[in-house]
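Just the one chain here, the form predicted on its own, laid out as structure tokens.
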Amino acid sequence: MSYFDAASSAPLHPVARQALQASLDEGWADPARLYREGRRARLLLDAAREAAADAVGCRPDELVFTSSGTRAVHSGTAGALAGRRRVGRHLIVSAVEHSSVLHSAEAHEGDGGTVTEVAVDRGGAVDPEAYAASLRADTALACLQSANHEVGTEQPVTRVAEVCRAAGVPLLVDAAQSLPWGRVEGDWSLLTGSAHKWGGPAGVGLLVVRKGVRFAAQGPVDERESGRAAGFENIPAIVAAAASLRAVRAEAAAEGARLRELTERIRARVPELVPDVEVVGDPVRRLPHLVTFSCLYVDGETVLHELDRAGFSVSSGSSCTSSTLTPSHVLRAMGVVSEGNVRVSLPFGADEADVERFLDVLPGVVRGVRETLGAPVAGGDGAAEAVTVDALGMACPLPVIELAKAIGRVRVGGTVTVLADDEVAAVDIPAWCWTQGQEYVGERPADHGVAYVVRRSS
């Protein structure tokens, strides 16, 4: 089985396994106690904190360990907002943040705060000027991921941090995806990470709060982790997390170059091997191990199942693979095709032969799914002025398939109106127009669902 979903959770690094096993014998006692076993546990905890702080680029007393990366985000966001409550209750986030950040924003809004969501370009990156324009006198905190978890696009953190620093606003950086590859540059104020993203054990996160940043921990607190992460520290897991972060950093330069070559190969060859594919995310400013593409006219869930049967574990931001049947908020914000979305994120040590086998298998998988769904054949010299397609009750990707079939029935300049009640159509029909060179006219309410109007341009 070829595991290509490191962005979700990386396999446990051998160094993490060794450190975990060794520290189980030494790090079980209470590090707050003064007897021998407690002192031994404290030494392990302090050493792990120093190693993690060195990797992040902060002081050891600025870093605390949490029970997960999500907990670090929630605690960091809530504490920073509370610490600056006298300034105001305005929060800025990007439209493509991890759900943990967006859920924190929702909670803040539900508690009476205000939130500004900064849009991204088609590559998934924010414009620092948009952050500058969003800053207000009552802005308490801004949040920006270092790199996107779904498409790999790296964000201009340094420039955004400069903008925020000039306005006196702290910037919280979710660095979960980028920490294995290097420090986050820039004058950021808070930072979060998650050990299982870099080959450490699950259940360990880190939260960094720079000295001088106003911070008021929320909820019940105790004396542990500077009062910012309550509860008994899982010292063996923390030691393993710090050891694996140091280990992957030592390998990052060489392994990053090797994996970038493999993902560049996927980016280049998938559109050659599979028609009607859009590779998404910034082609240059991106994580070295991650590549994402969307295949028109396929059911994303079926594609993932077929790839799994062929021996490949990949992920997807497609609505067709979601329990909520709503499109990925990242792909929606980017305005790209969400149907048939495949994310390949290679773990450290990924085999080149496995990548080649993936490229051999993928075309047949997509072709088989398209044949089952009745995907259209391109072209057609229709003469109709206008055609209406009833796709009510159809789920992703069928409304787009029906649109593609109908476009050949109208003349150039004619229109196709698609009636659909699937929420995904609002994302995928405009995205289909962009990829196929057709004009998306707009949408309007219909008796049932929404009417999407497309003009044939070619």
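All values reported here derive from a predicted model rather than from experimental measurement. Note that residue numbering begins at 1 and tracks the sequence as displayed.
As for the form predicted in complex with a further copy of the same chain, it is not shown, yet the points below apply to it.
J.: So if I measure heavy atom distances to a further copy of the same chain in the predicted bound form, which of the stretches 425 to 433, 56 to 64, 398 to 406, 22 to 30 falls within 4.5 Å?
T.: Every other range fails; the passing one is 22 to 30.
J.: Check Ser8 for me: does it contact a further copy of the same chain in the predicted bound form (non-hydrogen atoms, 4.5 angstroms)?
T.: Output for Ser8 is yes: heavy atoms within 4.5 Å of a further copy of the same chain.
J.: Can you tell me whether His103 touches a further copy of the same chain? I mean in the predicted bound form, with a 4.5 angstroms heavy atom cut-off.
T.: Yes.
J.: Going by a heavy atom distance of 4.5 Å, is Val221 a contact of a further copy of the same chain in the predicted bound form?
T.: It does: once a further copy of the same chain is placed as it appears in the predicted bound form, Val221 has a heavy atom within 4.5 Å of it.
J.: Is there a heavy atom of Asp308 no more than 4.5 Å from a heavy atom of a further copy of the same chain in the predicted bound form?
T.: Asp308: yes, in contact with a further copy of the same chain in the predicted bound form.
J.: Among Glu50, Glu37, Asp421, Asp390, which has at least one heavy atom within 4.5 Å of a further copy of the same chain in the predicted bound form?
T.: Checking each option against a further copy of the same chain in the predicted bound form, the one that comes within 4.5 Å is Glu37.
J.: Of Thr372, Ser226, Ser313, Thr158, which residue is found within 4.5 angstroms of a further copy of the same chain in the predicted bound form when only non-hydrogen atoms are counted?
T.: Contact residue from the list: Ser313.
J.: Does every residue of Tyr3, Ala202 and Asn234 put a non-hydrogen atom within 4.5 angstroms of a further copy of the same chain in the predicted bound form?
T.: Looking in the predicted bound form, the three residues Tyr3, Ala202 and Asn234 all sit within 4.5 Å of a further copy of the same chain (heavy atoms).
J.: For a quick check, can you give me the residues of 185 to 200 that have a heavy atom within 4.5 Å of a further copy of the same chain in the predicted bound form?
T.: The stretch touches the partner through His196 alone.
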